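Presented below, as structure tokens, is a lone chain in the form predicted on its own.
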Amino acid sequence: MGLEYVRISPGFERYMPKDYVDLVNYGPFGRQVDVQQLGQFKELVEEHPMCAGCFMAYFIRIFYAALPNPEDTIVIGTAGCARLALSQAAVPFVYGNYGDTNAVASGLKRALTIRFPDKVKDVVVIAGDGGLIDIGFGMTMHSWFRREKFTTIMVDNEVYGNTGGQESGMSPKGVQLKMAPKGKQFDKINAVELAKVAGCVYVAKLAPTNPKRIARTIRRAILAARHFGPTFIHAYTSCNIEYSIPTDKVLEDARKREKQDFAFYEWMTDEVREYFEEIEKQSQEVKV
């Protein structure tokens, strides 16, 4: 990918699909869009087969609008609910074997660095709690130990929602699910602390209640990964099917969980903090 690759050669606009022409002319390629204006610009993902009311789909929509440089981004996912939307977006998507996403991302990021030494190519992994912290735990942790420079986002619906409702390591203790009728016997894994101990330079946890904050967090994670090392975002994205949350109550549920155990949390190393302070200082100077 790349901005020149995305653009349409002069004279060929009339032969291209209208959706693609609109994406080039009114989409986020080559510019930063405002997530608070969703619906007022051509988005990178507009159709998907995810469940009605799914907050994971909502989070993914904001994710694509938040990318600093979508034309130079590759997304990696795997089996699970998220890939149903990720694979429909106008951004290159690589499907990794279940649990292997961070190993695939490690190789891809290294290859892109060699192939494009003068350009920045962002690699972002988006997968569920099963793919990253249960079955993918080893690959996830070792990519962090090696200080691989890409972002990992866990869309945590606290269940294996794509395969019938089994409990995961991220399911809350005591919760009863269709395929966990006796209730989960141990506590929810503390993925945030694991990420910090394993070497991530930027770590955040959030519930998808504030689009502007989500976008800012995603951009920060990607920018920090470019220069300093692995970054991680733990996002609560409820499964309204397995947890029987009415479609019109998913936002209410997100706000409730935000108060209980998903209050916004952000941690970064000193060098990353100094980097963001310098960026914000330069941004203020430009505005003045």
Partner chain sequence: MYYVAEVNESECAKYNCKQCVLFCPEPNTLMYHSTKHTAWVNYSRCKGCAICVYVCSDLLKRNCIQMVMMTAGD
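Positions refer to the first chain, counted from 1. Not measured: the values here are computed from a predicted model.
Unshown form predicted together with its partner chain; subsequent notes refer to it.
S.K.: Go through 209, 73, 166, 162 and name the one with a heavy atom inside 4.5 Å of its partner chain in the predicted complex.
M.R.: It is 209.
S.K.: Within 4.5 Å, heavy atoms only, which of 262, 243, 41, 228 is in contact with its partner chain in the predicted complex?
M.R.: It is 41 that has a heavy atom within 4.5 Å of the partner.
S.K.: In the predicted complex, do 187, 203 and 257 all reach within 4.5 Å of its partner chain through at least one heavy atom apiece?
M.R.: The answer is no: none of the three residues contacts the partner (heavy atom, 4.5 Å cut-off).
S.K.: Tell me, please, which stretch of 216-224, 49-57, 65-73, 229-237 lies within 4.5 angstroms of its partner chain in the predicted complex when heavy atoms are compared?
M.R.: After filtering at 4.5 Å, what remains is 49-57.
S.K.: Considering non-hydrogen atoms and a 4.5 Å limit, does its partner chain approach residue 36 in the predicted complex?
M.R.: Close contact exists here: in the predicted complex, residue 36 approaches its partner chain to within 4.5 Å, heavy atoms only.
S.K.: Do residue 32 and its partner chain come within 4.5 Å of each other in the predicted complex, heavy atoms counted?
M.R.: No, residue 32 sits far enough from its partner chain in the predicted complex that none of its heavy atoms falls within 4.5 Å.
S.K.: Within a 4.5 Å heavy atom cut-off, is residue 278 in contact with its partner chain in the predicted complex?
M.R.: Looking in the predicted complex, residue contacts with its partner chain do not include residue 278, since no heavy atom lies within 4.5 Å.
S.K.: May I ask you to state whether residue 13 is within 4.5 Å of its partner chain in the predicted complex, using heavy atom distances?
M.R.: No.
S.K.: If we check its partner chain in the predicted complex, which of the residues in 256-278 reach within 4.5 angstroms of it by a non-hydrogen atom?
M.R.: Heavy-atom contacts within 4.5 Å come from no residue here.
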